[in-house]
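Below, in structure tokens: the form predicted alone, a single chain.
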């Protein structure tokens, strides 16, 4: 695309936005990633092969998109901003492997896209909805095999932290049922235009061959984890007693959990065992 602005040049991106009469929308988390090395790292992390169908959420001006399109069998982008959507259509015209969905990703039937063949996700996720999107994708029946995502560093910490750490909680557990989550690289605010006030990170989510808990037990598992983490400083035995669960110590013992342990110290596998016993 020789005549198109370079989406890794701050000057050219600013010029393009001025030409479009567009100011980055904070509500949509429009901080455009302009670092070529980071963009290449996301693509490499996604491990895109010629037979892959890729989903990108929030492509913005298409800096990541233009790196994915030549590598993948097909690329489906979901863009909420009408100005960005219009520009993407002009930047990627007539490409047989490029599809644009003009919508809020939270309103799209993501599982239908995955069941139709999309097997990987590569995206600089809108930060305001990143956590919700990661959980919704993980919970899809036809969840993708691999996801390379740019998210807020604080959210990345919650995604990858092990049991017992201060960042361990609901996000890491609910996604961890279905995925192995890894921090790939921290990203400075200076890699974005405009720079956000926080650091970001690239994370890799690799689908587990077998989820940590069965489909039928998962709703109870999710409810249990959310209820217990709303009281994360209390002992698990005390929490369960208040929920009317008896005999608490016998059930906890069968799950390999001490009465005095707190929710933040219990690994996914033990949460799963507890949910299975309660179901």
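What you see is a predicted model, and the numbers here were worked out from it, not measured in a lab. Residue numbers count along the first chain shown, from 1.
Although not depicted, the form predicted together with a small molecule is the subject of the following passage.
Only one of 45-53, 227-235, 240-248, 32-40 places residue heavy atoms within 4.5 angstroms of the small molecule in the predicted bound form, namely 32-40. Listed residues 125, 148, 137, 156 were compared with the small molecule in the predicted bound form; 125 is the one with a heavy atom within 4.5 Å. Shown without its partner, this chain lists 78, 205, 110, 72 as candidates; in the predicted bound form, only 78 has a non-hydrogen atom within 4.5 angstroms of the small molecule.
A residue is said to contact a partner when one of its heavy atoms sits within 4.5 Å of a partner heavy atom; residue 182 fails this definition for the small molecule in the predicted bound form, lying far away.
The closest non-hydrogen atom of residue 129 lies within 4.5 Å of the small molecule in the predicted bound form. Taking the partner from the other structure, the small molecule in the predicted bound form has a heavy atom within 4.5 Å of a heavy atom of residue 103. The closest non-hydrogen atom of residue 28 lies within 4.5 Å of the small molecule in the predicted bound form.
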